[in-house]
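Following this are structure 1 and structure 2, which are two forms of one protein chain, each written alone as structure tokens.
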Structure 1
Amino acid sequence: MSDAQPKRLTDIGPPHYQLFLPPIIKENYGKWKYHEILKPGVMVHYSENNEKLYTVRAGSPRLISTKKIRKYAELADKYCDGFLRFTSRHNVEFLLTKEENIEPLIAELEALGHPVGGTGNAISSIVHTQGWVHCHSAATDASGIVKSVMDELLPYFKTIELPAKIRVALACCLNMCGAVHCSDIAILGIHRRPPRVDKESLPKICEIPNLIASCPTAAIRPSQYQGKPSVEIDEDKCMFCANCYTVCPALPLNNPLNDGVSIWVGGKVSNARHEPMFSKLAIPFLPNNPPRWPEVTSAVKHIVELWLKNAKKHERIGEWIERIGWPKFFRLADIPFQKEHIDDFKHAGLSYKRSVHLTYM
């Protein structure tokens, strides 16, 4: 760059959030009294001095262009004095003070292809990772599955009438950049072929002791290749976590014949009623079948509809399954129970059934 550089700034931290708060929020910060969900995707918050802040929430694919962000900015200028926010699940929220702006804004968002919904007892956007768009360790794509699943589940985004909320998340490998392990339904990319050792490049780019130490099951052993230190894999011990690949790029696990998707159910993070819990394995493997992953899409839809049909009011998926028991879940869902469902990692025994509290019908 030819133009003179100003003094290089570092460690300034993020901009102060107060710069971006609308006046109604600045005035009522910490003074909100209660809220109502007026309809799917529309909330109103009442303050102590009876001011009203309306929120219109719209779904987003997370991967968005600057053109779309500029469009959001344009809508914010037109309807909300330029103020908007995003949620932890990638939704965009417009913050309005004029009730009469709600419907025109919704009409413009829907016309733009961004459905309004995702509040209360509904499905919200799927939290997800990068997949084949940007990740080196992805066992599946993220955006494509999310798009396909949400196309199917859209009616449940635009409602507030489900038994409880449902949170779906997707991670394209076990690294779980999206930390999907406490979701009502988690879609998880998995590898099933042990790493192949690229013996030529390994000594150049990897530190072997570190690599050996990286394996949680001690499946990586030192060996020699052309007189130089190398490693070999004890394939029987590999559980496909890919931790070695993260530490050493010369041990790739990606493999089109063996990579695919697993489905996990019944997790939650909120403390409401039941304590937070992990998602549990429902379907060990479904194939990668782009562009629309029909097996994954129909499996997710099947579980959601089964829950809708059988859950009591306020029961999230995990609470419902805990009431009916896992055997009954597998029977109702018509999912074959197999060896992969039984834990064999640390503390596996804690997951064995240790009573005769069983159902037979």
Structure 2
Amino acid sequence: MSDAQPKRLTDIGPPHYQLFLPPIIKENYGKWKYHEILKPGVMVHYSENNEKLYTVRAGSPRLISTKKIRKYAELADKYCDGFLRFTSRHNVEFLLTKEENIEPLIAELEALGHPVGGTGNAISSIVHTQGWVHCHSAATDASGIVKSVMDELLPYFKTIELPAKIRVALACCLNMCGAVHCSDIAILGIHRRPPRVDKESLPKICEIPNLIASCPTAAIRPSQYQGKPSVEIDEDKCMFCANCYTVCPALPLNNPLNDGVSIWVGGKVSNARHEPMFSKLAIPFLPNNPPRWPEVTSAVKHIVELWLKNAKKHERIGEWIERIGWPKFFRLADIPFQKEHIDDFKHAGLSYKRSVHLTYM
């Protein structure tokens, strides 16, 4: 890090990140040697200067109030000299320099209903999208499913008993604002019917040329309705992305009867032991049954426990499935083969193995 003091104000973008680093991190920047997990949710980082930084990780919702943020700030002021951070998976991490503050902080977090854990061979918080809270293309909810699933998987958050780490993600539609393409278990909301065309309202509130141009698969064609300009949709080409609804409210996509959830498995970003992998379809459709989504929750928990029972140490879900083979995984998980499992992508060559990653036995 440069010795020059970073500017407080820049001509563009946010303030410089160095302004918010705890003093111990500034003093040991680039000099951290390794870290250890002392217990679930608690880590210690060692520097070349023989200094220690402790981290306490607690599960937190993605959507929180200012009242909750102020409570986090109070705990940080009380135990951590005012320093905390949020992880990319919506956990809150408190950065401590005094070991004696760890247990009192954990006790207060648990009393507030925020479990401590999610480190090492455990499930971390589920990264997810907006859902019905604030998204016009969502096929399912985000916060509701995540709460329901994590309530069931909480023992695996607070312990380090799993074969390896596990990352779960949720995206509310195929636009995939979440990390469902590369997660051990992915919960993906799906639409099964194309947008409905409100032919009466369409010419009054939409620009038809822009509407047609918005479709990435050319599924929208111009037509006439009672002598007025309109559009029709080629259902075979529609991929339910809701681009059309984004530019034209007369093409709503949400459908309570046909919208639902699919489950994907086997993805990961890590290059350890096995090359990175994309998630693959496991369960094509589960219904939306709020508020607790019992079918989705049961399916995710079943896959986690199946992996826990059969995987080798350090083996991620995708690595375990690759070892035993997908047919055996489907039999063990009691998932029936359906037409949706067939990879009929027209550019299927793009999904074939192209990596130079080699494994020596």
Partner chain sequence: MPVEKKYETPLLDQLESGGWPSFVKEIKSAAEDNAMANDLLGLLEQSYQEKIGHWKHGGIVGVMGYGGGVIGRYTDLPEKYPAISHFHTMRINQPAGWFYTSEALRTLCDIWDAHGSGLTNMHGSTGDIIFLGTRTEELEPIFSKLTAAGFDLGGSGSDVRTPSCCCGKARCEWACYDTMGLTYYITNRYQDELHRPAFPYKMKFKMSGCPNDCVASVARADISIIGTWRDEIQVNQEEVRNYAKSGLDITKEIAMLCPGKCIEWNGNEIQIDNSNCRHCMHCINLMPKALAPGKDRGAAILVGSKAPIVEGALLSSVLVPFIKLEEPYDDLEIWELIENMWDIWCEEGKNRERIGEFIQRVGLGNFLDAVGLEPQPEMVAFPRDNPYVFYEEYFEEEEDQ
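Predicted, not measured: the structure shown is a model, and the values here were computed from it. C-alpha atoms forming the largest set that superposes within 1.5 Å between two forms make up the rigid core. Sequence positions of structure 1, starting at 1, serve as the residue numbers.
Worksheet item: Only one is the form predicted in complex with the partner chain; which?
Response: Here the form predicted in complex with the partner chain corresponds to structure 1.
Item to complete: Considering the rigid-body rotation between the two structures, state which of Phe330, Asn254, Ser47, Asp234 is located at the hinge.
Response: Hinge position among the options: Asn254.
Worksheet item: How much does the lesser of the two rigid parts rotate between the two structures, stated in °?
Response: The smaller domain rotates by 16 degrees relative to the larger one between the two structures.
Item to complete: Any chance you could measure the C-alpha shift of Leu211 between the two structures with the core superposed, in Å?
Response: A shift of 3.9 Å at the C-alpha.
Practice prompt. Any chance you could measure the C-alpha shift of Val247 between the two structures with the core superposed, in Å?
Written response: A shift of 4.7 Å.
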